[in-house]
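Before any questions on binding or motion, here is one chain by itself as structure tokens, the form predicted alone.
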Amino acid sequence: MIRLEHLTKTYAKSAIKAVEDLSLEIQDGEIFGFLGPNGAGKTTTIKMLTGALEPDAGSVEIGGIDMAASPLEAKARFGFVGDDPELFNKLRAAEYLNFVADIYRVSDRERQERITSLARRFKIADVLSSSIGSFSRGMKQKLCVIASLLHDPEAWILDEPMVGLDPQAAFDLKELMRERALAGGLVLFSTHVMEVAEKLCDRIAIIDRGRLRFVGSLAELRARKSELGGGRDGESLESLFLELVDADGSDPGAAR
């Protein structure tokens, strides 16, 4: 489980809070979508969640481990795929994967099994001996996905993971996300593609202007719209999302 409590972050050059008093729980066995417009605070939240950015206030727990108190132990419990695959371009792909496996102390047998299986699945097994600098953006993204799973993490965190992927690779990634959730793992991903979130997610959170606007299932979001005097059966997540983030309400933190 991932637990975020009262996370707040303000950047030095801005008086506006990038994230304000954000609390959220994500359960094992679910695919959880983190949605919001550009500048809403998604990436800032994910950076605090993964320990790349220190919050001004609040706490992060991953698998019951407090990120501030035990950062190495907390970070060992998740795999992360960022929105920009910046890698060591002079290394060969196989060297990079073994480097990551060494960091997480993955045994030789386990790393070889996982590298072989995942590289075949994402169709880069025949280029593992090539330098990363020769890879396209999509190939680098596939390499990041493989590296993030070498230690078989209990939580998998992905920030816009499908950018740059070809349709087959995007399909394979979605299938892998569902497989890991069905096996009891936790999958958290951010995306701007509402159709993907609608089809894949068990629950979603919508953030806007640094604060949560909604947490729950799509059915619960539709029910909330109906309670407010609108909405219709089968209304798309895209339509509901656009109405929610464009709403001119006085309480942007009215999540539920």
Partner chain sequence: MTAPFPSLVRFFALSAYAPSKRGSGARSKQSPKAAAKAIGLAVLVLFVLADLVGVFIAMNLSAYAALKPLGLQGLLLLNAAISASLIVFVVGFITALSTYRASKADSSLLALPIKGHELLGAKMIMVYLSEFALAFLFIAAAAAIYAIKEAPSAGFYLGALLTALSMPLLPVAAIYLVIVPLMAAARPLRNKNAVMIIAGIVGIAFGLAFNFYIQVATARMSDSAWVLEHLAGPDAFLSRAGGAYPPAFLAWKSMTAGGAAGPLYALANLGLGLAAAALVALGLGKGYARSLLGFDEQRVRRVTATRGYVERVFRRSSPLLALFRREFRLMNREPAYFLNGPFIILVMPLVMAVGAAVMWQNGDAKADLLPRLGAFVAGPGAMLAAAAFGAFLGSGTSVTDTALSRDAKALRYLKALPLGYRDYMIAKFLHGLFFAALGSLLGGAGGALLLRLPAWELAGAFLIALAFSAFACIAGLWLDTANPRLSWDNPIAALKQNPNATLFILADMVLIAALGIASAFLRWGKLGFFALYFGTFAAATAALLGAYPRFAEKKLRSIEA
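Numbering follows the first chain given and starts at 1. On a predicted model such as this, the values are computed, not experimentally measured, just so you know.
Not pictured, yet referred to below: the form predicted together with its partner chain.
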| item | value |
| --- | --- |
| Its partner chain contact in the predicted complex: K17, any heavy atom under 4.5 Å | no |
| Contact test in the predicted complex: L176 vs its partner chain, heavy atoms, 4.5 Å | no |
| Distance check, G184 to its partner chain in the predicted complex, heavy atom within 4.5 Å | no |
| Heavy atom of F80 within 4.5 Å of its partner chain in the predicted complex | yes |
| 4.5 Å heavy atom contact with its partner chain in the predicted complex for all of D152, C201 and V245 | no |
| Contacts with its partner chain in the predicted complex - residues in 45-67 whose heavy atoms fall within 4.5 Å | K47, T50, G51, A52, L53, E54 |
